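The chain below stands alone, shown as structure tokens; this is the form predicted on its own.
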């Protein structure tokens, strides 16, 4: 027996909660299915030293400002988990957990959501599962023969995991820079940071507030038919949060070119230069976690589904939220997900009954 509702939201992290806020404002009946056993989404699994790129006031979901974290301008992940937990309770959002969604199927005029806790039938589905659950590892030669430890960003917690070791950090984005800085500032670890291209740190005064303004200006320019400014990507790749600045200023954050392959004992560059390593941390990004949508047959290049705003082109009853700019400008950020969540709720409200 299927449980009937207007909307099923898959994922109870920041994107799912923002969707719930706007669905409630439009008086729609909905259920949020979350695979986690507690609130907080992916923020519950971040490394200990992680800091937001923006102050709390610029890191809020719709309707409820994030409170300031005492003693810190840029909140840590635990503060975000507390905020999301309070947000969920404040709006009494109907989150059911832990529920793992196996697949979304077409079922006549409705969509059928099959889970390990039963079946839901809905007029529309919002997929808000994010990317954290699908880490990407590049096909680097020798990865299978390296005898040291290999972890992705998702498996990193603190420098103590690697005390006394030689660690290679791979990746020139924010995660790579923050984890490399974390290790470099911790005594007793020999850290090497490698990137495919020279890393580009943003100016020290540029944080998430400025990045959101730039992304918003780009969106407005494109909507007005003006030339593409390049947005955030035109400024740089890495926000110079406090630990990154500290490691940089101490001369500890110098990137090496990407190596050509791994060996049993370490890494080797194309010119034959070699370095020993006890561990490799792959800060190499993520892919959208969309396996539950496979029954709909919508998969595109690199796992992306074609969208018109948040709505799937091949299935107008499906919306995707929080996966990056292809599902709404800055939609993978706390402050940026509100607008596309509002748009998705608006379009779902207008679906035929």
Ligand SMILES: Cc1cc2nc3c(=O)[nH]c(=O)nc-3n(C[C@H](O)[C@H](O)[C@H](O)COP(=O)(O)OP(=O)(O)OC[C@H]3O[C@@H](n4cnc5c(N)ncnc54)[C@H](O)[C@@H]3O)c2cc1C
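Worth saying up front: this structure is predicted, and the values here are computed from it rather than measured. Positions refer to the first chain, counted from 1.
Although not depicted, the form predicted together with this ligand is the subject of the following passage.
Annotated contacts: 10, 14 and 132 all touch this ligand in the predicted complex [non-hydrogen atom within 4.5 angstroms]. With this ligand omitted here, the record of contacts in the predicted complex names 100 to 108 of 187 to 195, 140 to 148, 164 to 172, 100 to 108, defined by a heavy atom within 4.5 Å. Contact between residue 292 and this ligand in the predicted complex is found at the 4.5 Å heavy atom cutoff. The shortest heavy atom separation between residue 318 and this ligand in the predicted complex exceeds 4.5 Å. Not displayed here, this ligand is approached by residue 53 to within 4.5 Å at the level of heavy atoms in the predicted complex. Interface membership of residue 128, defined by any non-hydrogen atom within 4.5 Å of this ligand in the predicted complex, is confirmed. With the partner omitted from this view, the residue of 49, 69, 36, 307 that lies near this ligand in the predicted complex is 36 [heavy atom within 4.5 Å].
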